[in-house]
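Given as structure tokens, the chain that follows is alone and in the form predicted on its own.
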């Protein structure tokens, strides 16, 4: 990379941090329990809107994994999410009614809170419908993973977003509070993925899966990206650029082996395609707060009105992380 390119990346990162600092004024603190955070604690950072029904399982899942404290930003929920989160002893909560879109789809708020509270900690930044799976997650807490990364000086851990879906119409079986979403949405695409390298940010760009084949079949290049770097040992100079798809400095995105070997990686099981998806799509189309004029949600609306079954004869039923490794969707690398 040339000196000029290096300078441009540093300037871009500085601008992102300045934006985040300015956007802090849009956040109001509802419940601040950050004083109980210990130096070694692993933290989760989450932005949400109207996800009350998902929260009990989401919190239980990550608590059992070993996350010590949760930092939430609520963006105008009116379904009881705020009241529920206020009662959780390991949650600190901020709220805002400001534009999600103008805050770079929430990342300005996240970058500010990550810088203020995440510096020096391993931070897992996820959505309420994303469930982190890593090698040996069925027998080892997340702290075992972060200890191993600390030992080898690894700063970031990648995860491919794996869209999960039910067999049959998406809204056929209602999802109930506290339920494991993968009791319903237990299927995924084992193949149908394309990978390219983003030369600007040095990250891998992954597309495919059911969203590419069902919602973007005519233009698969416009399908949502599936590559993410959700787990980072945060530093005050870091910033997410586009959701958790990529970060700066660029070294955080180089989570693959240039020479053909495999580095450790995980998956984010994506429980988006559950009832009541149709109502959620209608709400988000009305709000118009998502990327590219809510292109993704327009695709959902157009397709779901005609066919809402994502299952096909090549769909694979989820078993565990070892299955995902065998299929090449994640890897334990040299972590044994």
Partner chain sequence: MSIGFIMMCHTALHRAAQVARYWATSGAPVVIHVDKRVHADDYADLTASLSDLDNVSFSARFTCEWGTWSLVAASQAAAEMMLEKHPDANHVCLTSGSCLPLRPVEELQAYLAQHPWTDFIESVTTSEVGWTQGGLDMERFTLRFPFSWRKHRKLFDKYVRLQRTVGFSRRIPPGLIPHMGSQWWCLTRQTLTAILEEPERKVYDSYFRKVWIPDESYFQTLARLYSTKIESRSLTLSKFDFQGKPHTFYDDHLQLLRRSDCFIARKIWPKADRLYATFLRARDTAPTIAEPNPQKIDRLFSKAVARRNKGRPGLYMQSRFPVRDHENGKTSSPFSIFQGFTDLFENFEGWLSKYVGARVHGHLFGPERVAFSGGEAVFNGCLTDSAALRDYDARAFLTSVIWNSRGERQCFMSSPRDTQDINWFTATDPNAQISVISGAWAIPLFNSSDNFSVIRKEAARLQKLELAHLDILQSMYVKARVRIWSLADFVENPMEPLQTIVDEISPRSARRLTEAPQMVPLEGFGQFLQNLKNQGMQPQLMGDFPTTGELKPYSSRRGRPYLVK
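Numbering follows the first chain given and starts at 1. Only a predicted model underlies this, so the values are computations on that prediction, with no experimental measurement involved.
What follows is about the form predicted together with its partner chain, which we do not show.
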Query raised in the report: For this chain shown on its own, do 67, 172 and 179 all sit within 4.5 Å of its partner chain in the model of the complex, going by heavy atoms?
Result: no
Partner contact check in the model of the complex: of 234-242, 189-197, 119-127, 81-89, the stretch with a heavy atom within 4.5 Å of its partner chain is 189-197
**Study point:** Proximity of residue 147 to its partner chain in the model of the complex, heavy atoms at 4.5 Å
**Key:** yes
Checklist entry - Contact between residue 265 and its partner chain in the model of the complex at 4.5 Å, heavy atoms? => result yes
In the model of the complex, residue 75 touching its partner chain (heavy atom, 4.5 Å): no
- Query: residue 168 near its partner chain in the model of the complex, any heavy atom under 4.5 Å?
  - Reply: no
Of 327, 319, 18, 11, the only residue with a heavy atom within 4.5 Å of its partner chain in the model of the complex is 327
Note: exactly one of 107, 247, 204, 113 sits with a heavy atom within 4.5 Å of its partner chain in the model of the complex, namely 204
Contacts from 201-233 to its partner chain in the model of the complex (any heavy atom within 4.5 Å), listed N to C, are 204, 205, 206, 207, 212, 213, 216, 217, 218, 220, 221
